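Listed next as structure tokens is one chain, alone, in the form predicted on its own.
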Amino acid sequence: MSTKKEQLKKSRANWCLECGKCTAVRPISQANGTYSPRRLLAEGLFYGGEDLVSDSSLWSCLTCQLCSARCPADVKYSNYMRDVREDAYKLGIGGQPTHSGAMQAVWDIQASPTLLPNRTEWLEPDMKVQNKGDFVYFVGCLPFYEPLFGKDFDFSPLSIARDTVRILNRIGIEPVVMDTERCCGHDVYWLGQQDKFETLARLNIEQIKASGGKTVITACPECALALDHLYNKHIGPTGFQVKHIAEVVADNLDKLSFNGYQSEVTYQDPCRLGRFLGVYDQPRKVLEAIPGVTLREMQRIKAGAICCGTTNWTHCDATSKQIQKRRLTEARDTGADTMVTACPKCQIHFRCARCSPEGSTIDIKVTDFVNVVAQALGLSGADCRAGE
């Protein structure tokens, strides 16, 4: 466990200028006037931070890094919250799980070294995959999301996985899809469960190396962040590179022939893909290359984009719903008929918000980047304009 002094130094919290810009831009603070990043930093800086581990605000932070993007002193507020959460976890304190703790149970099961997963039953006969090769498609939690969220939110999370494989095949890539893949560990890391994160990371690294993979492709920004930055930082050099599917498609547009997709769309920047990994232009480049697509930008985009309002399957509350509804309204106000995001969780959270009485009145559809590309290529993608 790092000391309080080390936590403050690593996150640059002791450089806080108390200017209040973090509170002004954070979506939680705008929806809940009692939440103040500056106050929580002051608790650690001036009062030892002993009460932070039991402060419910600790679990409200979205770790989206919007405040860091605006901070003139480059304070890594999200990192500080994560380190304090690690202290809380070791004391048996945690946030309130959502969806009856289903995903927390999945993480616990996946972290068992003796587990023998069976993760490839969703593959269909037309999909070309390999047992070993240079390219690995890391599926992530989509197979678990299917039974948990697909029926209630009127979409198929596994359609993202299937369309990813089909798109890669069209490019000329026959990826390895690992039967033994585990959860990437992103969520347990940000909840401060370092031991569980390292267990999952080592299991995945071992399996990727055994597959011969040199490039790992994922349709989930959180998986991309974990497999690349977090694994290399906390476990050591992995020996493979990681790319989000949007980057792969953008790099191979010359190999693709789009049939077209008649829609006016707006693009939602996922915080992990954008502010964490710096991938802003590639999804837009692809969307603009599709005949019939008109891209209408929201007021707050790229480094200033507002995230989907909740994270790590914890502490989703009325504040989260306010953030989601405001973002859906901003998307609708562009005149677009569809919000396209490149993160499965974003779609789940926005669709969840649209199931509420207030959210159902916001006339904007939500879909995934992968499904749009697959349909534009004439592949058997899900109807990504469904789920009104």
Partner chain sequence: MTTATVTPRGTPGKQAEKKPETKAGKKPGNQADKQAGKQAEKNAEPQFIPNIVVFACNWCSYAGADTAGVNRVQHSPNFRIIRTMCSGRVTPGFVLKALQLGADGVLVSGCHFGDCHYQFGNYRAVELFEKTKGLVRTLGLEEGRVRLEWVSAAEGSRWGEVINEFEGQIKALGPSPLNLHPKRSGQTA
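For clarity, every value in this text was computed on a predicted model and none was experimentally measured. Positions refer to the first chain, counted from 1.
In what follows, reference is made to the form predicted in complex with its partner chain, a form of this protein that is not presented.
*Asks:* Exactly one residue in D152, E288, D281, D126 has a non-hydrogen atom within 4.5 Å of its partner chain in the predicted bound form; which is it?
*Replies:* By the 4.5 Å criterion, the partner-contacting residue is D152.
*Asks:* Please pick, from L148, L277, C316, L168, the one residue with any non-hydrogen atom lying within 4.5 angstroms of its partner chain in the predicted bound form.
*Replies:* Contact check passes for L148.
*Asks:* With a 4.5 Å heavy atom cut-off, would you call Q110 a contact of its partner chain in the predicted bound form?
*Replies:* Contact check for Q110: yes, within 4.5 Å of its partner chain in the predicted bound form.
*Asks:* If we define contact as a non-hydrogen atom of the residue within 4.5 angstroms of the partner, is F258 a contact of its partner chain in the predicted bound form?
*Replies:* Result no; F258 lies far from its partner chain in the predicted bound form.
*Asks:* Taking its partner chain as it sits in the predicted bound form, is V106 near enough to touch it, meaning that at least one heavy atom pair lies within 4.5 angstroms?
*Replies:* Result yes; V106 sits at the interface with its partner chain in the predicted bound form.
*Asks:* If you check in the predicted bound form, is G101 within 4.5 Å of its partner chain, heavy atoms only?
*Replies:* Because a heavy atom of G101 falls inside 4.5 Å of its partner chain in the predicted bound form, the answer is yes.
*Asks:* Given that the partner is absent here, state which listed stretch (248-256, 90-98, 231-239, 304-312) has heavy atoms within 4.5 Å of its partner chain in the predicted bound form.
*Replies:* Within 4.5 Å of the partner lies stretch 90-98.
*Asks:* May I ask you to list the residues of 115-154 that have any heavy atom within 4.5 angstroms of its partner chain in the predicted bound form, in sequence order?
*Replies:* Going through 115-154 in order - heavy atoms within 4.5 Å of its partner chain in the predicted bound form - the hits are L115, L116, P117, N118, R119, E121, P143, F144, P147, L148, D152.
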